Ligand code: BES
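Form predicted alone, single chain, as structure tokens, below.
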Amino acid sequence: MDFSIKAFDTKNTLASAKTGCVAVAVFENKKLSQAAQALDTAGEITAALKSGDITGKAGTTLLLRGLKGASTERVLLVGLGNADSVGEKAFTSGVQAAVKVFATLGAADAIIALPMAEVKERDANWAIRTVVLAARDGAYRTDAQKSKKDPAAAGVKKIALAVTSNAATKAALAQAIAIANGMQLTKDLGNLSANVCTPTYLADTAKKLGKDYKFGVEILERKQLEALKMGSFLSVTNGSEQPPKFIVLKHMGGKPKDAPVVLVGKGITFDTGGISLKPGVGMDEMKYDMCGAGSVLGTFRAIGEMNLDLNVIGIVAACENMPSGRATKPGDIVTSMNGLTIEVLNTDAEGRLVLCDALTYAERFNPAAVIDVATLTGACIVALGHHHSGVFTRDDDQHNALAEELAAAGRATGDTTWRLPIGEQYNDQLKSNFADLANIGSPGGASCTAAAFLENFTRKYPWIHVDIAGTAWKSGAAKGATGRPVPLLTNFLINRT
């Protein structure tokens, strides 16, 4: 899908635009947007509103054809609610409704002429990103591994956005397209079956990104991990025939001496639970346990396309968690890279065992901040549902500011977070009679104890943990990876340039 910016003025009017469809806004109080007024030369849009064919409620639509005085074949009326205060939610629902209609049309191109600079507390740049991400999400297909692809849909393939053309809007469009491309990579990786998307496949994907965008890429193999004494990470991969891969990407777009932001992704390409075997129902969705890794790779795709002026390191710890005669057993004690010993009480709490060594490895980059991203706990879904990603960090001025910085990036993209606590009371739940730490806590606060476990390996730099168990994929009829939190992470990095 192609996107462009198209500005209109007194000479180049919206009414004279020759295109398959123009989407314009109408409102609940029977008002028309300026763009709708420009096309309403014969009063047909006003008549549609008065007749009740469309109410103007946010997300409603009505398709009109052959309007007098308009060169376009079709005009799509899109309800945006209250004309005096178009809110973010109303605008987003209107855009989503519009692109859904676009997908059903025989038109190849269209113009979105919604009031992009008039959304309450937002600007045209935010609106541009909203349109692009909604359109790309609506066009996404999940038939990559089908022998017969679903028939190619008709629908709009080129969308022009009716906004002022200037450096800011052009940059916003380029950023939006880059984020959409990053999200698509993350979705593609998540949706692939686990016999295809193995740790080696993730490593090969990183190599391709390195080649395409001039990233530095290093793939550490088992012998190197053993030399680094990553006993915790390696304990998870013991039961699998697939070799582990520890992937490091480097985008050095900032000044040479600037401390980098490090992104760490959990890359369990399939999680059976190991010896602590998961129930069979729904286990197929454990191919999504690498979505943290997928989001790091997707974010790198986005920042590479933008050639972001920032130093960013990506770390992906990739392996499978499988049961076998070699698999780690409940009660085994392993030694992590930083020397802490861990009693593995539950082999299905493997993500933290992988991440803790990756977080220790991150120390060598003297980072400005480290953000780890993981489908870590089902308890996070219990707490937050599928709306917000859980965020955990230390409670001090530096980390509170960092958490708010990330939260602001989420609010700006709709890829939102919600902060949950950690602290010594949760660390107390991780005490073991036989090792420095247990890998699960006593009952209660499972997401918080998981984050508290990770905090033990992050005390040499600013750090945030993002639990995406509830936001990385959808179940049911709409099953599939969402591409989150690529918008969150990318916008956080953009804001740091």
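Everything numeric here is computed off the predicted structure, so don't read it as measured data. The numbering used is simple: start at 1 and walk along the sequence shown.
Another form exists, predicted together with this ligand; not displayed. Remarks below refer to it.
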Margin query: So this ligand isn't shown here. In the predicted bound form, which residue out of C197, L310, L420, A379 has a non-hydrogen atom within 4.5 Å of it?
Written below: A379
Checklist line | Of M286, L105, V334, A172, the one that lies within 4.5 Å of this ligand in the predicted bound form (heavy atoms) | finding: M286
Next item on the list: Please run the contact check for D271 against this ligand in the predicted bound form: heavy atoms, 4.5 angstroms, yes or no?
Entry: yes
Next item on the list: Decide whether E350 counts as a contact residue for this ligand in the predicted bound form under a heavy atom distance cut-off of 4.5 Å.
Entry: yes
Next item on the list: Please check if K266 has a heavy atom lying within 4.5 Å of any heavy atom of this ligand in the predicted bound form.
Entry: yes
Next item on the list: Decide whether I440 counts as a contact residue for this ligand in the predicted bound form under a heavy atom distance cut-off of 4.5 Å.
Entry: yes
Next item on the list: Specify the contacting stretch among 198 to 206, 78 to 86, 155 to 163, 369 to 377, defined as having any heavy atom within 4.5 Å of this ligand in the predicted bound form.
Entry: 369 to 377
